[in-house]
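For reference, the chain that follows is the form predicted alone, supplied as structure tokens.
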């Protein structure tokens, strides 16, 4: 499982305050604990109304001074994402492109011919499609655009889009069906999601997030924007990998437990 650490995001109230106050120590701590938890990438999202690119310059500078983990540049504005690529010392992920006007036209040419990867959302001109069939049609269109721009499928992280279960009772069903369709059409791509979206507005969110992670992995998801410091989540992920035959002789599961990445003592070996 490829983990994109979710904690450095201005939409999270505590992180948003740290960004607004330019609290360098807070940001360094968030970067450090996620790298120590072995996140593969660190999400960097300023989530500010004004001066987003300059805020990302400050944010990415601090994170890269503290850790060596590559970044996932996160903004709804594709021009900000592309502009922030210049601040990065090594290739990472751009989040994100979609069929919304102006997205792929800006992002795909910027990552083509580089080692950067890109998250692509299966939303369309009219928003999030209701059915798996419509999402898969958007997937085909996005793959066609990526190929024409020279972006290799293996560098794409496809987000089939998960809605809150409180809003759409078929959220997981549609997500899983879309995942399976993507795997049939193009096995080379990665499939990712924001795990916590499934539980928005509901009680005991951690429980729903854990269940969703396991079921989504069974459907073909191999990446997630999530909290790598959550021992319950990490335990569920390593267990799911073993159960799905993705961990020969459970060696990764055993190794992660020995390292204290999950367990009954809250991530400490016990």
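Predicted, not measured: the structure shown is a model, and the values here were computed from it. Positions refer to the first chain, counted from 1.
Form predicted together with a further copy of the same chain: not shown, discussed below.
J.: Which of these stretches, 86-94, 161-169, 146-154, 68-76, has heavy atoms within 4.5 Å of a further copy of the same chain in the predicted complex?
T.: Contact-bearing stretch, as computed: 161-169.
J.: Which one of 142, 198, 81, 179 is close to a further copy of the same chain in the predicted complex, taking close to mean a heavy atom within 4.5 Å?
T.: Residue within 4.5 Å of the partner: 198.
J.: If you check 54, 40, 36, 232 against a further copy of the same chain in the predicted complex, which one has a heavy atom within 4.5 Å?
T.: Of the candidates 54, 40, 36, 232, 232 is the one lying within 4.5 Å of a further copy of the same chain in the predicted complex.
J.: Using a 4.5 angstroms cut-off on non-hydrogen atoms, would residue 250 count as touching a further copy of the same chain in the predicted complex?
T.: The answer is yes: residue 250 has a heavy atom within 4.5 Å of a further copy of the same chain.
J.: Residue 12 versus a further copy of the same chain, in the predicted complex: is there a non-hydrogen atom within 4.5 Å?
T.: So residue 12 does not count as contacting a further copy of the same chain.
J.: Since only the chain is shown here, I'm wondering whether residue 62 would be in contact with a further copy of the same chain in the predicted complex (any heavy atom pair within 4.5 Å).
T.: Output for residue 62 is no: heavy atoms all beyond 4.5 Å of a further copy of the same chain.
J.: Should residue 28 be classed as touching a further copy of the same chain in the predicted complex when contacts are defined as heavy atoms within 4.5 Å?
T.: Close contact is absent here: in the predicted complex, residue 28 is far from a further copy of the same chain, nothing within 4.5 Å, heavy atoms only.
J.: Using a 4.5 Å heavy atom cut-off, are 244, 254 and 262 all in contact with a further copy of the same chain in the predicted complex?
T.: All three within 4.5 Å in the predicted complex.
J.: Residue by residue through 51-74, which ones have a non-hydrogen atom no more than 4.5 angstroms from a further copy of the same chain in the predicted complex?
T.: The stretch 51-74, when checked against a further copy of the same chain in the predicted complex, contributes no residue at the 4.5 Å heavy-atom cut-off.
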